[in-house]
Every structure is written in C-alpha cells, then in structure tokens.
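Coming up, as structure tokens: structure 1 and structure 2, two forms of one and the same protein chain.
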Structure 1
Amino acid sequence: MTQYETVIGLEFHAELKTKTKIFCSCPTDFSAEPNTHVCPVCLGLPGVLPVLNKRAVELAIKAGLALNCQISHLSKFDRKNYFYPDLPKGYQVTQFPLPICTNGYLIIKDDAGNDKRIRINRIHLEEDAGKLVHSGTTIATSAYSLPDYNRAAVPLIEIVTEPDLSSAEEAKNFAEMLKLTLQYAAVSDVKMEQGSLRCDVNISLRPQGQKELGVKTEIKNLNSFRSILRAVAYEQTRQTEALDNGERIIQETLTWDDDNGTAFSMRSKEDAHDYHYFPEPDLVPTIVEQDWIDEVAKELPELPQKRKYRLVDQYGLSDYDASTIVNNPVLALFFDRVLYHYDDPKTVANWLLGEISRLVKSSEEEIEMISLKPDDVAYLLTQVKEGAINNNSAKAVLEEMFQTGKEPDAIIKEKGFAQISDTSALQDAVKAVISANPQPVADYRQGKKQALGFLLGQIMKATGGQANPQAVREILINALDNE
C-alpha cells in the first residue's frame, strides 16, 4: 500500500453515565425488558415537552475538558430529520452548528511508537436512537428486526476527529486511549460490547503526495478494538485493489461482518443527505458560565497519560509496568492507595502485577472486583520489609486474605508465619545443621561455594521456612569461616 496514503477520521458515540434519559425521567438501565423504559416524552408522542438533564450537560463538559476541548458558553439543540425504524420521533435531537465542545485533541502512539496529536473537531450532545433486535446473527442474515426503544433518548456525546489518522493501528490506538480517558473521567461506562461506546470509521486513500482527499467510505457501528483494526485493514486493501484496477471508489456507508471479516454496502452516499436541520423549538439555548466549567473541572481525576508519566518519571517504573497499571483504572487506583501506606512504588507494582493479579485471574474474579484492602496489603509488605515475615509466607498470607477477607496480622499469628529473627534460636539451628552435615561443610571449606546453598536450605527446612534468610546466611557464613 506504499503508493497510497490512508486518511482516516473517526466518530464515536458514547452513552453518558446518567441515571435517567436526556429529556425525561426514564431510567437508562441496559438490561431491562424491551420497551419497558419508555414514556410519551422519549417516544415523541404529540403534546409532550422535553426537559434537559443537567447532569448530561455536566458530563459532556467533563468529557470536553478531559479531551482538551474548548467549552462553548453558548450551545443549542437542533432537530435532525430522518426516518428509520429505531427513531420513534422521526427526528433526532442533536447539536449541529453550536456544539458544546470544540477544538480538542488526544495524543496517541503512531506506527513508529512516537507521540502523535489527533485533533478533535467537536463533541456534541444528542439523544441516542432505539435499537433494532435482529432475528438472525446480523442484519444481513435476519428475516426481520424488532425495535426496542429503551435506548431511545439515552444521552450521548458524539466525538468527531479530524482526518488525522493514517493506519488501522493508529485508529485502534486512538479508540483505546479515548475509551480509557472517558473511563477515568467517569463520563461513560464505555462498554463496547453493550453498545455504550460505538465507533464509525471514515476512510479514504489518495496517491502519496496528493493534498486532495480521496473518496471516503464509512464503516458503521464498530464495537470492539479488534473490529476497528480489522475493518480498517480490510477497507484499505479493498480500496487499494480497486484503485490499482482502475475502478472508481463509491462514497457509501458500509456495515462490518466481524464473523466473516468483510464489509458490505448498506446505502450509497453519492449525494449529500439533507437532514433538514432546524432549531429544536421546545428547548432554549444552553448557557454554560465559566464558574460551572470550573466546578466540573474540579471533578476530573488525574488522566491516564499524565498518570503514566508520573509512574515512569517520578516512580521509576518500566514503561510496560506503568502501562499495565494505567490501562486499568481500578488497578491504578488500588496502586495509589497501597502506595499511600507503603512508599515503595516498585515493590507495590511487583506485587500488584504479580501475586495479586494471579489471584484475581485464578479465582475468575474481575480485576474491578479486587476484594483486598489497600491498607492490609501495605501492612503485609511492611512486615516483609521489616523481616517479620518472609516472602514465601507473605504470598500464603496474601492468598488467605484474598479468599477470606481476614486481616494479615491475624493470619500471620494463626498460621505461625512470624519469621524467626532471634539470634540465639538461629545460632542453635545453624549449629545443628553443621553438625548433621559434615561433608557439605567440608566441601564449603574447600572452596565449593554451592555447598552453602544446600546448608541454607537445610536450616530453612529445619525452621519450617520461618527463619530470617539474611540473618541465617550471616550466622552460617560466620560459623563456617571461624570454626
């Protein structure tokens, strides 16, 4: 594909994390029975009046701040008129000329691993459409579809990038960073498998060096990072082969069949569709004062890119470890809470990515459901550091903490895990092992240093693994070298 340059723009629809819909009090629960969370307002019945959900506006502002946007002090809603079975009103209430957020950006990694700024043209508020439940696996294999309007009028933000992306990998990287940023900001639950974050990809090819954009196609409703990656790669290949064969690219909307790894046409977009936008007459313009923006800004946590820089630059973690922690907001919060009580970032990261992650996976428990208390984990690590318990015993204590919820101190006492550091007791153990193993002792004194490891193992075995390894080593070497 070296003779062509790929140009990609992305559009994301993210459902906002509100309890009720954007213009009525119907709940936004995902798993309700079809058509049970509806009312005359969200169904668009005659004579009803919408009332704007203030929290939806706040979350849109929050998303804009997290994505480095300018927040508009004046925005308004419009009617976008089109007819489709999942749109009960026959129009969608959205924002067209005056969106709530503009001119943002997000930094991702390009194909060479360098930072690349992807511009965000706008973020606008709108209501979601309903959902068509297909009789088959996909729309293409279905004999019929039935509308479920529970999702109709759930508050959405649509995030529209500039055509700044150049590859399938960059598109996936942007989607991953956008999802993580919205998740950190607590704007949306971003569950792509449930449709609360959906992606449309606009893609075109042009000869290398040409400034004019090629004819674009749009792939709708991609709901996983894998689908974004595969769909863009597929369309790159398809358009390349068509151009190489002298064919004309048709501007059209495509749907993606993830099972077969192919896209097929839904409708042509050769002519610009006229949605007959006009101002929503039942909603006044939205005024956002600077004080309101400042208050919303105070709700923003440390965002993923800044957090990663802190973990790498300030705490000295590897790029891999920092990325693994940051890529899961729950893991990142747990890390900081343990670190508050135990100031050793590398040790905390090692235990979090090692034993704690192992326990979560082995129990088939989601990492979001970590049952351990951060201060208990910090206490356990402190006991290891101070020599009160050895590393292997600490792992056993951690596992019981995870399984039972008991406090570490109680487990240590109950199981007899307290490390033996008493010098006289350790000296007696060392003398007994030296007396019982004359050949390894002789080997050591003849320069065979590996014999030391055998003797250390015998002492640890004799003390039930509870001896302080460092203290034992010092006492053993002193005894061997000076007797």
Structure 2
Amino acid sequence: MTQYETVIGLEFHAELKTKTKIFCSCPTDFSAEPNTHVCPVCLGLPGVLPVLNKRAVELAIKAGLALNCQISHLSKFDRKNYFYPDLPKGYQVTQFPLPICTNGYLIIKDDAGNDKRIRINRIHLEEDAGKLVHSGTTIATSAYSLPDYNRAAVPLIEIVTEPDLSSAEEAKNFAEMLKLTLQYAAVSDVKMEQGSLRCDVNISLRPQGQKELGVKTEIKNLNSFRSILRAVAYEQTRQTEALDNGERIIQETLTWDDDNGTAFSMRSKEDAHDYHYFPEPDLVPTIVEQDWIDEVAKELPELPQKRKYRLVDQYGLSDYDASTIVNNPVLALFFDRVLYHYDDPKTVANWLLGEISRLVKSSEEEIEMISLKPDDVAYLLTQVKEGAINNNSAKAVLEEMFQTGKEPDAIIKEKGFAQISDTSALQDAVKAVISANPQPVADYRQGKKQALGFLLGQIMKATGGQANPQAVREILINALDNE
C-alpha cells in the first residue's frame, strides 16, 4: 500500500487587543449589548471614511517581531468584495499584495521531540465582520437572522504559515506555541472558545517521496486545540481512504463539526468566491519607519522559547518544570517576580509548582484571578530561609494568604507561628529539660551522642514547635558541654 506524507498549512485570525476599532473610535470590548458599540463608520453608512488606528498597526508589528517576521516599511490596504449581511460595506478592508509582515518562523517540537522550524508566509491586518444570530441553525434555514455589528471592524491579524507541518500533533504544537507567543507579546487575548483566536487548516496528502503537492482541502471552524488535532486526523484518514480507493481529492472548503467529529463540505473550488481585490482608495499607504519598529520592539517581553532556555540552562530547572512555568504566562511572570526578591530559582519553582499550584487548583480559580502577591511569597520564603518560621508553618501561612489576601507578617504574628529564637527564653527551656532528664544528659556526656536528638525533641515539644531548631541545638550543646 502507498505510504502518504501529510502536508499541512495553518491560517490564524487573532483579534488585536486595542481599545478601539481599526477604523473608528468605537470600543472593542466583547460584553456590550448588541449594536451599541457602533457608529456610521463601522456600520458602513454612505460617505464615511476609515481612519487607521495606529495602535492596531503597532500590535501587528509586535506580533510580527514576536514571530520573527520582516516588518514591511510600506504596506497597503485592499478591498475584498463579497456580499454577506455581517459585512456592512459589502467589502472587507484587508491587505492583499503588500501585508505588514512577511517571512517569519516559529520553532516547535516535531513528533520525535526535535526542534522544527515552521515558516510563516505573512501576517496581514484586516477588519473583522459582524456577528449573525440565526433563529435556526444556518442563515438559509432560519426564519430570520439578527446582525450584531459590535465586532465589525475590530482589528484582526491573519497569520499564514507555509505548508511545513506534517502531522496532527505538529499542527497542534504550532497552534499552542503561536497562542503562547501572542499571549507573551500581549497583542491578543487569544481565546479560542471566545473566537479571539481562530484557526483554519489546509491539508493535502502526497505519496512518500513525491515532490509536487496533492490537492488540498481547507477545514474551518476549529475552536480548540483538540479540534485541530481531531480534524487533521479525520481528514488524513478520509483522504488516505479516498486515494487508496483510486478517488480524486476535490479542492473544497469543509466545516468541522466538533460534536459529531466530522467535516462537511461548504463549497468546492468551482463555486469559490472571486473576491475582486483592489487597492482601498480611502486609505493612504502605511509607512513604517525603522524607528517605529525599534520603539515597538522595546515593548516586547522575553518570549517563550528564550524564557525556557533561561529556566533550564541558567537556573537548572528540569525541562518539565521549565515548560510548566513557561506554558502559563501568568505563572511565568509570577515566577520572575518572586525571583526578583528571592534569588533561589529552584525553591521558588518548587513552591510555585507545588503548594501554590495546589491552592490554585483546589480553588478552581484561574491563576490570573488570584490575589496572592509575588513579593509576599518572596517574603514568606525569606522567613523560612532565615529560620524565623518553619516549613510547615509557612504552608499554613501561604494558605491563609491565598484565602484572605492578608500579608504574611500579620498572619505569622496572629497565629503565633514565629519561631522562638530569643536566647534567654530558649535557655530557660533548655535548663528545664536538662534538669528533668538526668539519664539522657548523663548518656550524652558519656559519649552517647544520639541522646542529643531526644533532648532536642523534648525542647521542641516544650516550646510548642516554635523554637528555632538551629538556635536550640547550639544552646543545648553549649549547656551540656560546659556544665
């Protein structure tokens, strides 16, 4: 039987995190009542003109830099023409021949766990369409559909890869790495479930060793990493079976049905749209000087790949721990902030991935929602290190901090967790234990050093566990040796 090689390219749409829309000053936030964040410009009323939002350009540049792209000094907008009720002007303003970013890449893990470079063809800026709420399931079968133009003209970037991916797992890895990178760059909310990150997959098969590409299909409506994984696997199987049966693959666009785990055809190439692209005459070319790019580059934080190298190579964390921290930008930022005040990466990682993660998990909160402050955690760890509080008490304090948001110092005092390091108080306790236990004292003095452990235990017991063990040990040995 023929062995096939799978060729996959991905297209992503990410909504940019601007305060206002791309061509007008309407707000972009999600939650408003339908058709309240609209104006004559984003409703496409006659005679209005677009004015480009500079921040949208900046975020597109930032995304381009994060994805290792070349930033175009000159880019242009075009009109993509088609009729649909969610498209107020009857065309979408997008970028066709001259996009803002080109020739980027991201490094992901291939199926063998090795690094693989996936090329990015282009990133272009465009406006989103509105949203239709159908009374039925589709526009054709509904009695009516209600348009909501709040989302119309929200800025988007479209990111298009080269067909460099060769498995479902790789496609998912790329999508995850892309999401993470955009998250670090803070250009988009990248929430697939909410539609602020959307993914389309192009997939074709060719016999192993063949040079030219097979006929591809495009799968739309992938709302999670899992659906990317499933849709690619589904289409791989479908195309393999078709080719094995001697059938021809038809170039078409499919919609993924996540509930049933199948894809159905939306349209074939024959009735594919002719979008009649042409330059948008209402906007002037977008000129981006190097100075501007340099300014934007300064906004860019350390990106996931580099960050992971720092955690493994510089701090000696395990690959697994480093990945766990880096894969969650909020956790990674928390880590860095604690580390800023408490310079012991391994201890910080242990607390973060152990106790703090346990608390977050049991609270069922998202980590970004918790009220724990990194410098409070650093303070607590410092107290442990300096012997002012023991490890078990520290865990209890942390939990209290987590629940109430109180400062660690207050909790330690309130609960009496502070270790007794006061020498005179400890000397009294030592004296009492020595006089109450003549036999072990005699044993110790005769050279049975294990009697020391028993005496130490008695002192800790007498002080309710709050004595600083280090200090007790010193005072006890001193007392036994000198009397």
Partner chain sequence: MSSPETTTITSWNIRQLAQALQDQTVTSVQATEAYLGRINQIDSILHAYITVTQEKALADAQASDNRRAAGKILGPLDGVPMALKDIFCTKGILTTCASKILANFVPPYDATSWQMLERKGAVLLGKCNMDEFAMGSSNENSAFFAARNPFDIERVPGGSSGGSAAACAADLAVYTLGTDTGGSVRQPAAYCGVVGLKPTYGRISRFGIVPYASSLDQVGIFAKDTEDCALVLSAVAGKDEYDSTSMPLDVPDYTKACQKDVRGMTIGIPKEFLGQGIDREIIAALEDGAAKLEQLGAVIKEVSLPHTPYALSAYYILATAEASANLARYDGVRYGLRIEKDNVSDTMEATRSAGFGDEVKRRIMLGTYALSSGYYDAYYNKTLQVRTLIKDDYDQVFAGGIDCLLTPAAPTTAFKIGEKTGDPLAMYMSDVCTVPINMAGLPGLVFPYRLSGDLPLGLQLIGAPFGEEKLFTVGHALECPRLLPRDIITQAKKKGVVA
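For residue numbers, the reference is structure 1: its sequence is counted from 1. The term rigid core refers to the most C-alpha atoms you can superpose between the two forms while keeping them within 1.5 Å. Predicted model, so just to flag it, every value in this text is computed and none were measured.
- Legend: structure 1 corresponds to the form predicted alone, while structure 2 does not.
- Annotation: Cα of residue 134 displaced by at least 2 Å between structure 1 and structure 2, core superposition.
- Core-superposed comparison between structure 1 and structure 2: CA of residue 68 displaced by less than 2 Å.
- The rigid-core alignment places the CA of residue 51 less than 2 Å apart between structure 1 and structure 2.
- In the core-aligned comparison between structure 1 and structure 2, the Cα atom of residue 457 sits 7.3 Å away from its counterpart.
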